[in-house]
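To begin, one chain is listed below as C-alpha cells, in the form predicted on its own.
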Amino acid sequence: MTTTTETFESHSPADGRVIGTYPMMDADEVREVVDRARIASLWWADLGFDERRRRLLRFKGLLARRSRELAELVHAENGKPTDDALLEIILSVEHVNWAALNAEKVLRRRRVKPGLLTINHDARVEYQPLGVVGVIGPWNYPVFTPIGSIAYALAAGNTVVFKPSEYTPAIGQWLIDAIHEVVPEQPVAQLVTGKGATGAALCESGVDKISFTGSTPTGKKVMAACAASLTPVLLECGGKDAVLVDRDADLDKAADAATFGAFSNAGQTCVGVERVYVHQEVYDEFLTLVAEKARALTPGHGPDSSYGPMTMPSQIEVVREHVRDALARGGQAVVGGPESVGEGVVEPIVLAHVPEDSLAVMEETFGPTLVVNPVRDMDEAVDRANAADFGLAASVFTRSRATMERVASRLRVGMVSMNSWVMYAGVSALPWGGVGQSGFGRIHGPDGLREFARSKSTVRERFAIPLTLTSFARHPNTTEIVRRVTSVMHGHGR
C-alpha cells in the first residue's frame, strides 16, 4: 500500500491539546482500502446471518464493557460532557443489538403471492448485500450516528469503509479497531482519514453506496460526486427542528424538553430544538420557564458543565450572525445575546418574537440558541414549522391525544416525538431520516437494513397451463380469454 506523507492533527476543543495525528489519505490510498473491502465482502457475505449476528453481538458487548473508555475519548475529542457521551454510546449499543438480532428476519428470502396472470408460478424476493458501503460520519455524534450505518450495513452482509470527520478521527479509529477485535480474519470495517478531498475520493472510489451524515451543503457535494458513477447515496443532513406547545400542555415538561433539546451538546445536534411555537395563551408562562432553565445552565470545560465548547470553530461565527440578525429584525434577547458568543464556549441564548424570515428561524444555527415565538393555535404552529426547507424531526406537547395525532400527521418531517424530545432515537425499530433539505433515505429499523441491500425478485414455474401469453405461438383467443377473466374479476372497481 502507498503511504501519504501529509498528515493532520485532531485537537481537543476544550484546551487545544493534540488528541492524535492522522494521514491525509489521497484517492489512490482510498481506492486501495476499498479494494481490500471488496475482497473481504465476499467472505463476510458468505458467513451468513448466524455468524454475522454472533460477531456483531460480540461487538455490542465490547461497546458496553468499554463504554467508559470510549466516553472519555468522546469527551476529549468532541468536547461534550462524559455523561452525554455515555448516553450516546448506550443508544449505539441498543442499535447494534437490534441490527444483529433482526437482520435475518428482515432480509431473508420470502415468498410473495403471485397474481392472476402468474398463478402457476412460485414468486420470491430476497435481499442481497450491496458489497462495500462507504460511511461518511459527523463530529457532533461521532458514535451514535455512524453506528446507525456501520452496524446495519455489516448486519446486511456488506463491508464498510468509514471516513470520520476530521474533527473526530480518534473516535472513528476506536470504533474500527473494536470491530477488528471481533472480526480479526478480514478487514470488514476499515478507516480512511482526511478532510473534504478524502471524502470526495471515497465517493468516487467504486463503493456500492455512500451513507453520509453532515450539513446540507456538504450533502449536495457528496450527491454530485456520486452522480457521475450513479453511486446511490443516503443523506442525513441538517435540521431546523421545532417544538409545538399547545395551551393544555404540561408546560414544565415541555420547557424542560425544549431546553435540553436546544442546549445539550452545545446545540450541535441535527435534531436539536431550534424553534418553539407556543400557544399565545400560555406563551409568557412558557417563556419564563425556559428562561429560568437556560439561566441555570453552566457551559464550559469542567466535569460538571451542562454542555461543552463548540467543536467546530467556524460555527461560532454562524451563531453570532444569527443572533445579531434576529435582534436587528426586532427580536428580543430574553437570555444572553451577542455577548454570549465566546471564542470557544457559547452561553445559552433565548430569543423571543423573532421574525419568521430571519436567519435564526429559517437557517440551521447549530449552536446553543433557542427561538420562542407565540402562535394563535396549533394550525399556525404547524404552518410555521413546515415553512422551513428542512424536515428532519419535531416534537408536540399537548394533553389531547386527538390534537397530538393530528398535528404529528401534518408535520412535514421524518420523525415526531409526542410529549417528549428525540425519543424516536431510542426505538431501534423506527427509521431515522428526514425530507426536503434534511435529506433522504433511512437508517435504523427494517428500513435501515434494506437501505444496505438490493432486492432481487425470482419466479419459478410450478406447472404449465394452456394459456401461454409470452409466446409468439400463443393461440389467437388467449388474450381475449384473459381480458374477459380480468374484466369479471376487476371490472367492478372495488
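From a predicted model like this one, the values you see are computed outputs, not experimental measurements. All residue numbers refer to positions in the sequence shown, first residue = 1.
We do not show the form predicted together with a small molecule, though everything after this point is about it.
Just one listed stretch, out of 106-114, 174-182, 188-196, 403-411, contacts the small molecule in the predicted complex at the 4.5 Å heavy atom level, and that stretch is 188-196. For the candidate set Val350, Ala156, Cys237, Ala388, a heavy atom within 4.5 Å of the small molecule in the predicted complex is found for exactly one residue, namely Cys237. Only one of Ser264, Ser205, Asn373, Ser165 lies close to the small molecule in the predicted complex, with a heavy atom inside 4.5 Å, and it is Ser165. Taken together, the three residues Phe212, Cys270 and Trp432 all lie with some non-hydrogen atom within 4.5 angstroms of the small molecule in the predicted complex. The closest heavy atom approach of Asp246 to the small molecule in the predicted complex falls outside 4.5 Å.
At a distance threshold of 4.5 angstroms between non-hydrogen atoms, Pro138 is in contact with the small molecule in the predicted complex. Residue contact with the small molecule in the predicted complex: Met312 places a heavy atom within 4.5 Å of it. The closest non-hydrogen atom of Arg384 lies beyond 4.5 Å of the small molecule in the predicted complex.
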